[in-house]
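The chain below stands alone and is given in C-alpha cells; this is the form predicted alone.
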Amino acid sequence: MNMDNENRVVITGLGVVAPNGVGKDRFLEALQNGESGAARIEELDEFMEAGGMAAFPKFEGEDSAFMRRFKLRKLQSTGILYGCMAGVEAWEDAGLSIAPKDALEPDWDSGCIMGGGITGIESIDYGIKMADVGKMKKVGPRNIQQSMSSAPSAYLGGMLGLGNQVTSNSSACATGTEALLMAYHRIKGGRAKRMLAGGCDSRLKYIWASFDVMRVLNRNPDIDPVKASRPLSASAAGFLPGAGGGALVVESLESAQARGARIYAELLGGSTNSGGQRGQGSITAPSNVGIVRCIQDMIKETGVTADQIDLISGHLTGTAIGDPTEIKSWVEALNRRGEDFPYVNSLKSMIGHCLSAAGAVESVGAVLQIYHDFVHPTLNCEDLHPDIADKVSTNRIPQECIYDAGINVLAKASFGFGDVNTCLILKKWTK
C-alpha cells in the first residue's frame, strides 16, 4: 500500500439522512442496534401490487429549521433536501466553516460531487401539472433550478461557497460510491484539497410505481414491512423502496493534518467499470465478469491483498438472482470462501434501496464501522439462499452486531442499472 503522506486521501466528515436515522449519531445508533427504517406508507398503497411498504427518512415538516437557515424557499424536491442536509452535516462535522454570503471569493480549494438520479422529479411533476392546466405562473422561477440534474451539487455549492469543481454524477445505484471515487481522484491528482462527495434521491411515488411494474420490488403483501427487505435470503422477494442522502468530506492528508482535523478512515482508491451488458449482464442486471474485474482492478489499484479484506459492505439488494451473483463474484475475485470469506453485510436490510443515495449512505455506514470497529447486522437473512450458503459460512454474515471486530480494511461495492460497477477500499486510519 502506498503510504507516501503527500498522496494519501482521508475521510474527515460524515453526514446522513437515512430511513433509520437522520444525522450521523442517530444513524450510528441504528446500525449498531439493527434498527429498520421500514414502514407502511399509505401514499404508495394504490401504486404497489404488494402494498405500500418502504423505508423513507422521518422528520418533522421536512426539517423546516434547516430550510429556514439556508433560505430554501419552496423547495419541492425531497432528494435535494436530503442531499443538502447530509452535505452540510458532513461539512460541519469536518470542522469546516461556511464562507459568508458577502465574501468576495469562494473557497477555491474545496468542491462538491453530489450525485443524483431522478432527484428533481417532484419539481418536474409539479411543473408539468401546472402547465397542463395553464397555470405556469404558479410554478415560479425556482422550478427549473430544482429540475436540473446538477441541482444537488449546485445548491450545496452555493450554500457552502465552494469554488473548486461542483458537479453531479449519475450512475444509477452506483452513483454515491462513484462520486466518492471521483473525489478521491481529484484530490489524489492535486486539483483540490477537499471535496464533498455523496448521493441523494427522492421518495416520490411515481418512481416506485415504475419499479413495481418491473416486478423487482417486494411481492409479499402480507409481510411485516420490517421483514420485507431480505438480502442474502432464500425467501427474498424483491427489494424495498428507500430514499435519503449521504455525504462524506474527502480530503488530502496534508490538508487534514494541517488543520488538526479528525480522521475517520483512509480512502485507498478503487475501480469503476461496466460489464457492457454482455454475457449475463443487461441494462438491469450486472454481469459476473464485470463485477469480478472491478474487484480485481480495485485490489490492483489500492495495493491491498485479497486476504487483507476484513469486511465487505455489499450492494446486496434482496433479489433472488442479484445477491447470489454478487457473492459468487466476490468468491471468484478474492479466491476466498467458507470460513475464510470476509465478513459481509447489507445495509439495505435496514434502509431498503435508496437508489442514487444508496452507495453514499452505505459508505457513511462503512466508515462508521471502521472508525468504531464493529460489523452491523444484516436483518432477515436467517434462511440463507442455498447458492450463498454453499460458498460462505453463516458466521461470516452476522445477524447481530459484532463489536471489537478487528476491521482494518473494508471493501465497499455498488452495482447499478446499465451494468455499471464501483468498488473501493477504506482503511482504518493509522499515522
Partner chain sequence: MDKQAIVTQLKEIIKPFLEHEDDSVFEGINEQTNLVDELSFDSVDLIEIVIEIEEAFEIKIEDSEISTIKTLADMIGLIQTKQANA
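Numbering follows the first chain given and starts at 1. Not measured: the values here are computed from a predicted model.
The same protein also exists as the form predicted together with its partner chain; that form is not shown, yet it is the one meant from here on.
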| query | finding |
| --- | --- |
| C401, heavy atom within 4.5 angstroms of its partner chain in the predicted bound form | no |
| 4.5 angstroms heavy atom contact with its partner chain in the predicted bound form for R215 | no |
| Interface membership of A389, its partner chain in the predicted bound form, 4.5 Å heavy atom rule | no |
| Contact of L72 with its partner chain in the predicted bound form (heavy atom, 4.5 Å) | yes |
| Its partner chain in the predicted bound form reached by all of K188, R293 and K300, non-hydrogen atom within 4.5 Å | no |
| Answer option from S235, Q145, N220, Q277, heavy atom within 4.5 Å of its partner chain in the predicted bound form | Q145 |
| Interface residue in the predicted bound form among R262, K138, K227, K328, criterion: non-hydrogen atom within 4.5 angstroms of its partner chain | K138 |
| Options 316 to 324, 227 to 235, 130 to 138, 345 to 353; stretch whose heavy atom lies within 4.5 Å of its partner chain in the predicted bound form | 130 to 138 |
